[in-house]
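Taking the form predicted alone, here's one chain by itself in structure tokens.
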Amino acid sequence: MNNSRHRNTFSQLEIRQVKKRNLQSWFLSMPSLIWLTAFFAVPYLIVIIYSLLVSDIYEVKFLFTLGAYREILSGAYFKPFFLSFRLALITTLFCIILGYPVAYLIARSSEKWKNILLVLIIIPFWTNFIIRIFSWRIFLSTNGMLNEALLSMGLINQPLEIIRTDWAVIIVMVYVYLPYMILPLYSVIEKLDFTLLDAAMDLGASERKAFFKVTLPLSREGIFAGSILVFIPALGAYIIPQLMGNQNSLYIGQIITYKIKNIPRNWPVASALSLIMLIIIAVILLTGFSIYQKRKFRRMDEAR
């Protein structure tokens, strides 16, 4: 009897502690919730309302309609969506291919070199974003350093037309977003138990097989996180395509900007495009996360 009463008292005490922790968690998270509500939910509510209005020469008419969505679904904006997704996918793939070896090298380096290499990765963030893009414009231009070096070495007979092409956009996009892939990969790879590689090779696996069977599967979280950090901003990029690309390949970020700043201004179509992009990104993220979680739980069940 006393034991049951003691257990009940103990369970009630646990419940009170849990409720207290939950209340403290809500209290601590209130500033961030207020911040997100004020600067994310409210602006997007305004975007939703504007997407349902009628465009005027400079502003909008407060007449609710679905005309903006009908215009988008008519097919005129399918090419910019396709180009934006292609650019984001290519940028993400190149960042994975180039970033994984770098992250692996940093993770396996000594503490002294590890700190130096990390600083070298972070250094580009210390320079203004626009200045870095203009530096690439100078480097890739017809009379730039790259063409002059190739001509002086006799590798080409005439300057390469790189600037104002899709390849110029991809090169600069990979350069800008590569650190966003390296840093998450490094944080995951650094925590790996590298004795597992030695164990795999002791059991007869080659270095290549040990990498693909041990290291790569254990670093999937870093690949997933880095891909999100690269894919999402690359999908809606504006400045880099505007400064490095051409008018024949307009991306969705450029279309949205043109709809807002050019006259006649079309705020409803720009708002509808932004909202559709948000929905597409949310669907991609939720789908990718659910697939990743299912595979993770499946591996845990197999391990048991």
Partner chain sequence: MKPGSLYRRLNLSAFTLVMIFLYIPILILIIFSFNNSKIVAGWKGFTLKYYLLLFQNEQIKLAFQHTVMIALTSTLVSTILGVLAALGLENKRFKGRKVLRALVYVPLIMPDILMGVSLALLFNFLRVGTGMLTVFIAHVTFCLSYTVIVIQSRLEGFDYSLVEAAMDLGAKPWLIFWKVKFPLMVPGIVAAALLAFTLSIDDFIITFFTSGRGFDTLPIYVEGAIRRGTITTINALSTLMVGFTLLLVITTKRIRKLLLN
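Numbering follows the first chain given and starts at 1. Every value quoted in this text rests on a predicted model; they were computed, and no experiment measured them. Each form is matched to the other, and the largest set of C-alpha atoms that superpose within 1.5 Å is called the rigid core.
Missing here is the form predicted in complex with the partner chain; even so, the following discussion is about that form.
Distance criterion of 4.5 Å from any heavy atom to the partner chain in the predicted complex singles out Leu28 from the list Leu28, Leu63, Leu66, Ile57. Checked against the partner chain in the predicted complex, the residues Ser152, Asn143, Ser74, Asn157 give one hit for a heavy atom within 4.5 Å, which is Asn143. Here the marked residues Thr127, Gly253 and Ser274 all reach the partner chain in the predicted complex, each with a heavy atom within 4.5 angstroms. Contact check for Ile106: a heavy atom falls within 4.5 Å of the partner chain in the predicted complex. Proximity of Ile284 to the partner chain in the predicted complex: non-hydrogen atoms within 4.5 Å are absent; the residue sits far from the partner. The shortest heavy atom separation between Thr257 and the partner chain in the predicted complex is within 4.5 Å. In the predicted complex, Arg16 stays away from the partner chain, with no heavy atom inside 4.5 Å.
Contact residues in stretch 225-242 (any heavy atom within 4.5 Å of the partner chain, taken in the predicted complex) are Ile228, Leu229, Ile232, Pro233, Gly236, Tyr238, Ile239.
In a rigid-core overlay of the protein, Pro43 has its C-alpha displaced by under 2 Å between the shown form and the other one. Annotation for Thr287: C-alpha shift under 2 angstroms between the shown form and the other one, rigid core superposed. Core-aligned CA deviation for Gln247 between the shown form and the other one: less than 2 Å.
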